[in-house]
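We begin with a single chain expressed as structure tokens, specifically the form predicted alone.
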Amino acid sequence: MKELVIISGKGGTGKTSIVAAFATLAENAVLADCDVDAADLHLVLDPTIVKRETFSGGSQARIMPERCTACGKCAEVCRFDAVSSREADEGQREKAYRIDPIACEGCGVCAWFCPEEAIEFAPAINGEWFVSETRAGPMVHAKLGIAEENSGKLVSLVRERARETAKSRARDLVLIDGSPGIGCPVIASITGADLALVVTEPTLSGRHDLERVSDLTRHFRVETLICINKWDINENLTLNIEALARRRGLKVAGRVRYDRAITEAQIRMQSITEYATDGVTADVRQLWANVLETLRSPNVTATGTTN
């Protein structure tokens, strides 16, 4: 079993459109949507959820009023200004303390130092993860709650469940829609992957972010290919990006032209390979063939490094 992760240095390059197309072209694959902060692969593949579970990436503190003596120790030790006090109602003690669940970082210091053990430090629910069936095969995906953190942990969980699904169903490929950028969820998306395909676009920001994300894949020793999406909107910059890739020792796996048919396909909840048979679909099919050739190469090892 191998893992192919599709990532981008910035959002809006067409990464998920490429993943959706690959999903319909791949045989014997399990899909993993690891863009948990803004998951949208389900908008194209229309999954039917067969399993759902809550995700807890950390803990959160809560003051139990019946035990609290309003000593103020929690406010004293909190370094995130998450503890506040207010004057109590008439007939009650002088102050009442509360913890802002949004400001709380889940460090547990307040619970540790509370002399009355009046602070509950319990797992926080940060989101949900799902196992679904799609017309392109099984998919593991997730949804992070609004303003929630620990997306890297959720990405790792999605990948782990996708590998388990692939193993249990004797599938030989995990196809991962990774997060854009170079942050924690991206690192969690690519670490240990066998091959990364970076989708970029011929814009100055696209070129700049390609450099950043290729630095990241090089650091983690993940074999990397490049796809230039909408290459024909700026042919000179496309040539510039291809020259940059050569200097960095990266192979350009393919160019994909700009075509409104991709948007039209998405409106109909289809990938471009399901919607059209020519034009941009030919570009995507050739890209997939080139990626598959590299993925099957003996030089791509199971640890994501090359011999």
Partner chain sequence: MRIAIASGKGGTGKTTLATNLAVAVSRQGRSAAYLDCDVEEPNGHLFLKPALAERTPVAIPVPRVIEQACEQCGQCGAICQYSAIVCLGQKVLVYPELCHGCGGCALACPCQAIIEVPREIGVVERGQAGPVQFVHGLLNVGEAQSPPVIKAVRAAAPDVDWLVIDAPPGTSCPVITAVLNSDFVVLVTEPTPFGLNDLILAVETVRQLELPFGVVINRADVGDGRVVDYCAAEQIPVLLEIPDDRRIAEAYSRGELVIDAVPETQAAFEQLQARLEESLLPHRTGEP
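Positions refer to the first chain, counted from 1. In this text, all values refer to a predicted model and were calculated from it rather than measured experimentally.
There is also a form predicted together with its partner chain; it is not shown, and the following applies to it.
The unique member of Leu43, Met64, Val50, Ala243 whose heavy atoms fall within 4.5 Å of its partner chain in the model of the complex: Residue within 4.5 Å of the partner: Leu43.
Listed residue that, although its partner chain is not shown, lies within 4.5 Å of it in the model of the complex (heavy atoms), from Val77, Ile125, Cys71, Ala96: When its partner chain is considered in the model of the complex, the option within 4.5 Å is Val77.
Within 4.5 Å of its partner chain in the model of the complex: all of Lys2, Glu120 and Ser189, by heavy atom? Answer is no for this spot.
Whether Glu105 contacts its partner chain in the model of the complex should be assessed with a 4.5 Å heavy atom distance threshold; does it? Glu105: contacts its partner chain in the model of the complex.
Closest heavy atom of Ala170 to its partner chain in the model of the complex, within 4.5 Å or not? Ala170: no contact with its partner chain in the model of the complex.
Can you check whether Arg86 is within 4.5 Å of its partner chain in the model of the complex, heavy atom basis? No, Arg86 sits far enough from its partner chain in the model of the complex that none of its heavy atoms falls within 4.5 Å.
Tell me, yes or no, whether Glu223 is in contact with its partner chain in the model of the complex, where a contact means a heavy atom of each within 4.5 Å. Contact check for Glu223: no, nothing within 4.5 Å of its partner chain in the model of the complex.
Would you point out which of 22-30, 274-282, 243-251, 260-268 contains residues with a non-hydrogen atom within 4.5 Å of its partner chain in the model of the complex? Stretch with heavy atoms near the partner: 260-268.
Heavy atom within 4.5 Å of its partner chain in the model of the complex: which residues of 172-209 meet that condition, in order? Heavy-atom contacts within 4.5 Å come from Pro180, Gly181, Ile182, Gly183, Cys184, Ile187, Glu201, Pro202, Thr203, Leu204, Ser205, His208, Asp209.
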